[in-house]
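One chain follows as structure tokens, the form predicted on its own.
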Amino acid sequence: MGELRIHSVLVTGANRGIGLGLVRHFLGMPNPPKWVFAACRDPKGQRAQELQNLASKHPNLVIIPLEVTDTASIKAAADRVGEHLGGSGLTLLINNAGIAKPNSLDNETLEDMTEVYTTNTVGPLLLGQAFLPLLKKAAQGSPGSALSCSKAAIINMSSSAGSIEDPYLWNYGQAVSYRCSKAALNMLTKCQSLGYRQHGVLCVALHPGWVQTDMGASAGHTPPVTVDASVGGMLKVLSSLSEKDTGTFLDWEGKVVPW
């Protein structure tokens, strides 16, 4: 396993849950990134209070307003990140922002399917497009040709709930729109890996485990994995990713998840 040396990272949905956990862990690394960009919908709101507290203590943490379903908001975020980075690129884009609706097959709706798909699948597509120039710049500025998270990477936060072969926790909740959006996100990850490989960008879908977050506990059960354990595991996985892993679907312990 190599050491994770990241010049800069952007985490979406960074004001709570796994996103906030990722930000905390990046800031606490022995060699923290020069820039940690924490993106969320309402940086000044009550739900971003913990993020604001962290930013007051860490000058390398920059909070970025971002609505992942709004193209103007995405472009503005990319421009702001680019300004902070100066001439350097963005090493790591983590598409973590996501929503879930606990609908069953019988009561799923057009509106919920559309909203969940737009946030969970289209958002990461648009962010990949908007930040590709900065990711390419990071890849060009990194010595060596091998793909890695220390060179340039897109990490899409997926879920085993989107596995077609093994639909995770079906008996705990059907969540049809969420499952469909994550299955589609997995295909997007594969497409990005094929399209962006030539630019030196590694692309992987990660299942963080069933984690103790607001979303994770929404089915009324206590998930078995803490945010700290999940994020710590995922960072270990990120440090070990290489050329052979681009376009794959892995969990927080590094195991391959069936499509």
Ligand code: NDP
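Numbers for residues come from their place in the sequence shown, where the first is 1. What you are looking at is a predicted structure, and each value in this text was computed from that prediction instead of being measured.
Only in words, not in the display: the form predicted together with the named molecule, which the text now covers.
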Task: Listed residue that, although the named molecule is not shown, lies within 4.5 Å of it in the predicted complex (heavy atoms), from V211, A55, L27, I64 - done: V211
Task: Heavy atom within 4.5 Å of the named molecule in the predicted complex - the one residue of V201, V68, V204, V231 that qualifies - done: V68
Task: Site check R16, K182 and M215: each within 4.5 Å of the named molecule in the predicted complex by heavy atom - done: yes
Task: Interface segment, criterion being heavy atoms within 4.5 Å of the named molecule in the predicted complex, picked from 138-146, 105-113, 83-91, 155-163 - done: 155-163
- [ ] May I ask you to check whether A97 falls inside a 4.5 Å heavy atom distance of the named molecule in the predicted complex?
- [x] yes
TODO: Consider H221 of the chain shown here, and say whether it contacts the named molecule in the predicted complex, taking contact as heavy atoms within 4.5 Å.
DONE: no
Open item on the list: in the predicted complex, does R41 come within 4.5 Å of the named molecule, counting heavy atoms only?
Closed with: yes
- [ ] Indicate whether the named molecule has at least one heavy atom within 4.5 Å of a heavy atom of R47 in the predicted complex.
- [x] yes
